[in-house]
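The chain below stands alone and is given as structure tokens, in the form predicted alone.
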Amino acid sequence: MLSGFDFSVITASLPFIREGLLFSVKLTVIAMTGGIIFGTLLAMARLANLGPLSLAATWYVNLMRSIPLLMVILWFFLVIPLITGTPIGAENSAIVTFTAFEAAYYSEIMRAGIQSIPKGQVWAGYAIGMNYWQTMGNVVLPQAFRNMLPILLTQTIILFQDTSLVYAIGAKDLLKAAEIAGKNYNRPVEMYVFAAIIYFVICFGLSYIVKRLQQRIAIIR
């Protein structure tokens, strides 16, 4: 079955693959970090009952979770330059889009984590003079992050897989790099298989880490 494969092309294409993989990892890390930060703020705003702010956060989360990521990527890449009159580039567009989109999903994860903390701890924070934001930052969020860490990492695995969608706007991620190398050496099958193996190894490794974390958190509880 593999007799027709030219494995030598994989070695020759490593510079392309390395460049694409680095961008995929960079995009994942930036979108994860920004998504968790903004997602946590969105979750806190939704739970704070702050009137218009809570309503705006709710609408934002529901909107982002109701639109396919690919459409958001294309809209931002095509529409924003028309509004601003300045192209922002495929890579910058991908970073902004993924961060904004993932914030909605991380927000729901963090909201569940915050709500999993017993109300008594919140009242205890209020009793010693803390306000809402101090109670969240010092009492609730540290515990919520610990409880939600496996789910946050699971969402990050999905995020890494979704980075392949930037292929649609020409950003040079792992999949795009595999396509370019396949065209350059006229061996697309080998390159797509190699890219699939890389995705599998990374995602499987992260999934194993998530499983171990779930076991450790279960023991702590």
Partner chain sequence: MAMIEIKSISKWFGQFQALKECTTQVDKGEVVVVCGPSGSGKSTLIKCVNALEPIQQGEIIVDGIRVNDPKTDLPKLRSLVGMVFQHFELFPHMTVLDNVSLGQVKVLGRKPDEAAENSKKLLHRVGLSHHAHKHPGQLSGGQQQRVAIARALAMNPICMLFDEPTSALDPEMINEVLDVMVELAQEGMTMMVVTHEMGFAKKVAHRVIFMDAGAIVEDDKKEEFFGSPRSERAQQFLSKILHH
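Numbering follows the first chain given and starts at 1. All of these numbers come straight from a predicted model, not from anything done at the bench.
What comes next is about the form predicted in complex with the partner chain, which is not displayed.
Colleague: If contact means any heavy atom within 4.5 Å, which of 67 to 75, 108 to 116, 142 to 150, 82 to 90 contacts the partner chain in the predicted bound form?
Modeller: Contact-bearing stretch, as computed: 142 to 150.
Colleague: Evaluate M130 for contact with the partner chain in the predicted bound form, applying a 4.5 angstroms cut-off between non-hydrogen atoms, and reply yes or no.
Modeller: Answer yes; at least one heavy atom of M130 falls within 4.5 Å of the partner chain in the predicted bound form.
Colleague: Heavy atoms within 4.5 Å of the partner chain in the predicted bound form: does A124 have any?
Modeller: Contact with the partner chain, yes.
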